[in-house]
Ligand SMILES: C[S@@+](CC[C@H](N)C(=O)[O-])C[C@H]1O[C@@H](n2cnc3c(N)ncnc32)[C@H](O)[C@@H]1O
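Next up: just one chain, as structure tokens, the form predicted alone.
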Amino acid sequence: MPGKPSGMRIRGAGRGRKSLAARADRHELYEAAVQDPPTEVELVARQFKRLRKRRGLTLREDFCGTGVFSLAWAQSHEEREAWGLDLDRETLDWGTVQRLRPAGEAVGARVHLLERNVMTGLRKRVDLVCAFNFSYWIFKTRAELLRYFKAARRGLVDDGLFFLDAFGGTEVPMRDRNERSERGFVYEWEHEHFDALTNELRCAIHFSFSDGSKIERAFAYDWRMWTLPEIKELLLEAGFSKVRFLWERSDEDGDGTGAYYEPKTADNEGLWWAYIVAER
């Protein structure tokens, strides 16, 4: 879920022509730096098949943003259909024009991007509901998050699965900036503020370019960081029958391998990222 461009600023105007920052599209940059829909679709589909012994076909993507995950789901199999829910009309329209229409009618007809509150959901129940990129962290109280988890559960078929992700670690509460070079730009993730009394976390994404220009706060987030025990307890309270955590295996250099397992324990490293699977 791309965040709102709260306080977005473009720095470093070019002379005689627009700077690279001024010409860039923040949604394009976000997709290139943050998202990998085909890989996540493969993970979700594989885990569903492993746990339910059948192919998952229908999916609801909550906080869908541009809907590229929903699109990748529909592209992965000719029988798959996806519904993406979000409240940001501008972002939904961007996804429709820039992603769904170029994908062709055969695929686009099986992707439905709707301006709708995730608490309302759909009349149709689906095999999978997904809320990735920590989007559900916008709910800052226990009551709000429990209400959302109940809404997600209502939207699932009897053997449906709810997928989420979460991050944490010793570095999260610290003010910090991390940079990573991408093709044609530098992606920067900033922890702007963490409140130890409430676990509220403010983060921002910036993009910088070779001509010295920069998009500051291209995306901004105002979250509560939920811990894995809290998430598990709330999912069970919402009525889910079982909650699983998926941890990525690492190679000898400490890099992720793309293979996931269910750990019995997990060290609190500087930064970790986990997937959560809740069984209806």
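None of these values were measured; they are calculated from a predicted model. Don't overthink the numbering: it's just position in the shown sequence, from 1.
Heads up, the form predicted in complex with the ligand isn't pictured, but that's what we're talking about next.
Visitor: Contact check in the predicted complex: Val172, Asn199 and Ala204 versus the ligand, with a cutoff of 4.5 Å between any heavy atoms. Do all three pass?
Guide: Checked in the predicted complex: no contact with the ligand for any of the three.
Visitor: Which residue among Ala143, Val97, Leu87, Ala106 has a heavy atom within 4.5 angstroms of the ligand in the predicted complex?
Guide: Spelling it out, the residue with a heavy atom inside the cut-off is Leu87.
Visitor: Within 4.5 Å of the ligand in the predicted complex, heavy atoms considered, which of Val186, Ile138, Val157, Ala151?
Guide: Going through each option in turn, the one that passes is Ile138.
Visitor: Within 4.5 Å, heavy atoms only, one stretch in 191-199, 175-183, 78-86, 206-214 touches the ligand in the predicted complex. Which?
Guide: Every other range fails; the passing one is 78-86.
Visitor: Since only the chain is shown here, I'm wondering whether Phe162 would be in contact with the ligand in the predicted complex (any heavy atom pair within 4.5 Å).
Guide: Judged by the heavy-atom cut-off of 4.5 Å, Phe162 is well away from the ligand in the predicted complex.
Visitor: Report whether the minimum heavy atom distance between Trp226 and the ligand in the predicted complex is within 4.5 Å.
Guide: No.
Visitor: I'd like to know whether Arg116 contacts the ligand in the predicted complex, with contact meaning heavy atoms within 4.5 angstroms.
Guide: Output for Arg116 is yes: heavy atoms within 4.5 Å of the ligand.
Visitor: Answer yes if any heavy atom of Phe48 is within 4.5 Å of a heavy atom of the ligand in the predicted complex; otherwise answer no.
Guide: No, Phe48 sits far enough from the ligand in the predicted complex that none of its heavy atoms falls within 4.5 Å.
Visitor: Using a 4.5 Å cut-off on heavy atoms, what residues in 220-238 are near the ligand in the predicted complex?
Guide: The stretch touches the partner through Tyr221 alone.
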